[in-house]
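Let us start with two forms of the same protein chain, each given on its own as structure tokens and named structure 1 and structure 2.
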Structure 1
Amino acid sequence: MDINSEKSMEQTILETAEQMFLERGFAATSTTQIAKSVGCNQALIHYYFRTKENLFNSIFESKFKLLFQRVFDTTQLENLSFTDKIKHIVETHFDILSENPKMPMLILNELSRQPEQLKILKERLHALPEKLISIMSKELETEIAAGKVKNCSFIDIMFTIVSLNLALFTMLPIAVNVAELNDIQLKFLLAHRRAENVNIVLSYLRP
């Protein structure tokens, strides 16, 4: 097996496992089932990832890296005002959840089942979250000193953003079924809530 085909197979296993974890949950998905769906033997999954937990952690890590890289994309944030940066963070976080609507419940379930996953994730991501939060926190201090935003911490802001966006997507499957929303209505709802969540966060920041 050459290097390119190895990477292709590893990526196929990751993508297949992610879909199966999302559909069935971690506990109800076995490496045997993943191998069958991929069309390879179980030994190959063991070769790449050793255990189902390592396979899940690889997916977990990639999603959080995507989150931090897109939400705090310096090329997008560089020339924006502080409030426009916050608007970008709210919208980008919302869009990532919209692209991966089943991921929040899977992550919340697994963190509840295995809280040690958070420590593993932090070790794997190294200093990425701390560095990004530190940069934004310093800018926030400047805004507070200038009287442009209320006295709060950047962690407070992030909790508000994450809580608002996550609440919608954890409740969305129930809302869609109860209200019997069609695709057009769902699209309208998401666009409306995206804008409303931005307004709520910006209102929270006003001095």
Structure 2
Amino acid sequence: MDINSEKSMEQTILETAEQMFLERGFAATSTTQIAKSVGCNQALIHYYFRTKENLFNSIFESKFKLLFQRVFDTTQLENLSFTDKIKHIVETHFDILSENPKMPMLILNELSRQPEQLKILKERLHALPEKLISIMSKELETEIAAGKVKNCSFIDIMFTIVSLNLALFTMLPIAVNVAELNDIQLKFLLAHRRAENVNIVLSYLRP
């Protein structure tokens, strides 16, 4: 009897709902379906979270914050050259998305749908990227001045990194279907694009 088998109903609902929201999105997931999947009465969902929106937001906000924190974590960057820092950022971002491949679509869909939620997140998290941006921007200037890196802004670099990594995971379900990839081929594609995305960004930085 693991202590986890006594997992609270509230926690089970949260975890089940998260999977279902990731799989089908907010609109296409009903509290009835969640309850059925959890194996409890539908009213219980509303007992714990009152509204479906509440349930969604509490899941979404914590998950988003968690991922956001990891993306902007600077502790692993110390003692790395500028190029290696960039490489590390691309790879870390890629790996976080790898572990949460359905999150990009959910974020894009639900933050476009709920601009209020976006404002809340923005206010709550705006301080997080600052450290990374300040460190990298300063170092980028030095590199540019030394002629080691092409003249560009760190924001543009970030934009490029996020674009390359994000797009891969938003297109993945379609790509897998079109190319009829099996698990091994999928794994290969991911490893290949992970390396390629690093290459692309580093090529872009060459003066």
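Between two forms, the rigid core is the largest collection of C-alphas that superpose within 1.5 Å. For numbering, take structure 1's sequence and count from 1. What you see is a predicted model, and the numbers here were worked out from it, not measured in a lab.
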Check against labels, form predicted alone ends up as structure 1
Does Ile13 show a Cα shift reaching 2 Å between structure 1 and structure 2 after rigid-core superposition? yes
Core-superposed C-alpha displacement of Asn57 between structure 1 and structure 2, in angstrom, equals 4.5
